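Below, in structure tokens: the form predicted on its own, a single chain.
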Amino acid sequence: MAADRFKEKTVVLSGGGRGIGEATARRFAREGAEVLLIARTGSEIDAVAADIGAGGGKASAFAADVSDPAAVDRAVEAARDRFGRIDVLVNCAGIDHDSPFLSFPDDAWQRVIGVNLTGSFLMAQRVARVMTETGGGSIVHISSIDAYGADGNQVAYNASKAGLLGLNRTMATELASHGIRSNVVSPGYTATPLTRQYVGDAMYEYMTKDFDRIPQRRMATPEEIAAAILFLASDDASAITGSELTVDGGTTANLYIVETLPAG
């Protein structure tokens, strides 16, 4: 790992209070970046920013709902006032809602799409406007392998993550002339506190050590997802834009058909 790969770089990261977002924020700070964390729950990002600072890194927090255009405007303006420029944006804020399609609530649909897809659009558009004035930058969206197939009763989540792929391609095409790159990291199952909460302790243990469905037989760690995000954000990926990097231990490489056929 290049310890100073992001030295003197500025990073805005939404959803940095836990899981993948937190791991990514900590990794950016370790590699020299100054990070602004944005999330609805101010206490979480305040705690992460304080801990990064206590460890010698540079981080601050700004509470905002990324689905609210006015709140995004304030957050991006705060970043611009603090940094003078924004070199990297990571769209990591995300929520889900579990309900069968036929009874999926309208308000839950609007809420999930609002945070996961509209929020990414709003953050990217506002930050890209700053980047066009200050020499360009890199934007990384966090999608999911759920963009490619149903995974439980989460129609809004799956649709929002698929939408990010289209958003990314359009952004990459339109923003390249401004020196702005846009890419996606799509995690598979990841060993986060939210996953543990969702599946329970016994299932979580199975998924971390003996997960039959995944060729590597385990979930990824948040730190492994963070490594992919930082690669795409860095100058090491200077010719990569409009692309997707899947980090799923081989899950989507296997159609899982032969294994489920009846014996004989």
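Each residue number is its position in the shown sequence, starting from 1. Fair warning: this is a prediction, and the values are worked out from it, not measured in the lab.
The next section is about a form of this same protein that is not shown, the form predicted together with nicotinamide-adenine-dinucleotide.
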**OP:** Decide if the three candidate residues 17, 20 and 144 all line nicotinamide-adenine-dinucleotide in the model of the complex, where lining means a heavy atom within 4.5 Å.
**Re:** yes
Original post:
Picking from 173-181, 155-163, 98-106, 125-133, which part of the chain touches nicotinamide-adenine-dinucleotide in the model of the complex when contact means heavy atoms within 4.5 Å?
Top reply: 155-163
Original post:
With the cut-off set at 4.5 Å between non-hydrogen atoms, does residue 121 touch nicotinamide-adenine-dinucleotide in the model of the complex?
Top reply: no
**OP:** Tell me, yes or no, whether residue 40 is in contact with nicotinamide-adenine-dinucleotide in the model of the complex, where a contact means a heavy atom of each within 4.5 Å.
**Re:** yes
Subject >> 4.5 Å heavy atom contact, residue 221 to nicotinamide-adenine-dinucleotide in the model of the complex >> reply: no
Original post:
Taking heavy atoms and a 4.5 Å cut-off, does residue 46 contact nicotinamide-adenine-dinucleotide in the model of the complex?
Top reply: no
**OP:** Select from 93-116 the residues with a non-hydrogen atom within 4.5 Å of nicotinamide-adenine-dinucleotide in the model of the complex and write them out in sequence order.
**Re:** 93, 94, 95, 115
